[in-house]
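Taking the form predicted on its own, here's one chain by itself in structure tokens.
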């Protein structure tokens, strides 16, 4: 047992001292923070350009309808030929020419066209069409002579939001939001998938490197193959846990700093109100979730429990899959030879991603339940279920099966590792690896 920890300490020390470790540890949280803050900055940015649109209205009925704004001005032209405008369009300084045709018997323009030397952007088109459409609707309402029709139509438009309240064991109420639960579920499961692949692949590449460089032949003289394999797995696991802890701390720090800088810049530019408005109109926003309510909703989730489960399932999933990665690494002589042997290992991980998408909507159905117990997919699927208040006994059962399965997989991988680590000049296959398992 002492030799296992000696190997683990060596693996941990060697990897932590690498420049790539420090670069990745600092760069990954910074990128995550930028991903979190950048959309808010982009949405809040306002163009300083003023687009002037010349209006040629054949019906002469929309002159006062088109209202100019800070970014969009309208210049109504009369008795002007559009063909003549095209000849010196650039010299006039217009962004576009809006042509409104004569009205039909329903009071609608027969045609609405934009003329320009470049593609008219969607924002301008939507603003103009919106103003024209609202005016046509208003005139139709007046034509039907129905009093207060506009108010009636507004009253008919209904957009309800259902609040979700979670009861605790003592009957206390806590506001929650299913959209936030789904976000935590997706992030936890996807990070689990990424971490298992990253650190499991790290073990495999380390085994291949030592085998190719013939270092392993020296190490094996004083350490048993199984001890060497477990030492490498535990050493990389320690690196992963350290990096994971640093990522959490640094990500929160970077998000806070970038958020503060964003707020200060917004205040200096006088755009605090605009930034708040922009945030509320971000596409894909969660219905019923405002900035003031976000902290209240987040307080309904037990992040201590979620983080603890993440660490335990990451360790279990990593130990389970890294044993398989180590076996594959010992059976080949170059990383390019791992393609065929990696397929049976990566397929369950990819399958877990697809099941995870179903788990967001149905966290308690049979598929989600059984996949959260099967060790090949349980690290991802159970983490996708935990934000939806999975019973503790299911979490403990899943952990027990996962760690028990690791024991069996480690034994099988160790028998492959002891033969494959010293095998050169022979292409490995599943049939050959099955023989290695049965060797005495």
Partner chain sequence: MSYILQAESIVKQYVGHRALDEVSIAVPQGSIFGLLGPNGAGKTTLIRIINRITAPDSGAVYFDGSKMKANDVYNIGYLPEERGLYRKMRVGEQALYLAQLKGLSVYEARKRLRYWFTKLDIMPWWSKKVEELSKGMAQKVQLAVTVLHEPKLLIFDEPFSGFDPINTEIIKNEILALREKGSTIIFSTHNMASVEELCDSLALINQGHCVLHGALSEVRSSYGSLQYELRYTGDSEKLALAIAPSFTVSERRQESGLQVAIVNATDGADANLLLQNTLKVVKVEYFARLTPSMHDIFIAAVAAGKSSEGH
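Fair warning: this is a prediction, and the values are worked out from it, not measured in the lab. Residue numbers count along the first chain shown, from 1.
Omitted from view is the form predicted in complex with the partner chain, to which the following refers.
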26, 31 and 186 all contacting the partner chain in the model of the complex, non-hydrogen atom within 4.5 Å: no
Option touching the partner chain, based on a heavy atom within 4.5 Å in the model of the complex, out of 121, 365, 151, 213: 213
One residue of 82, 75, 219, 351 in contact with the partner chain, assessed in the model of the complex (non-hydrogen atom, 4.5 angstroms): 219
Proximity to the partner chain in the model of the complex (heavy atom, within 4.5 Å), stretch among 219 to 227, 130 to 138, 111 to 119, 246 to 254: 219 to 227
is_contact(residue 7, the partner chain) in the model of the complex, heavy atom dist at most 4.5 Å: yes
4.5 angstroms heavy atom contact with the partner chain in the model of the complex for residue 434: no
Distance check, residue 333 to the partner chain in the model of the complex, heavy atom within 4.5 Å: no
Residue 209 within 4.5 Å of the partner chain in the model of the complex, heavy atoms: yes
Neighbours of the partner chain in the model of the complex among 14 to 33 [non-hydrogen atom within 4.5 angstroms]: 14, 17
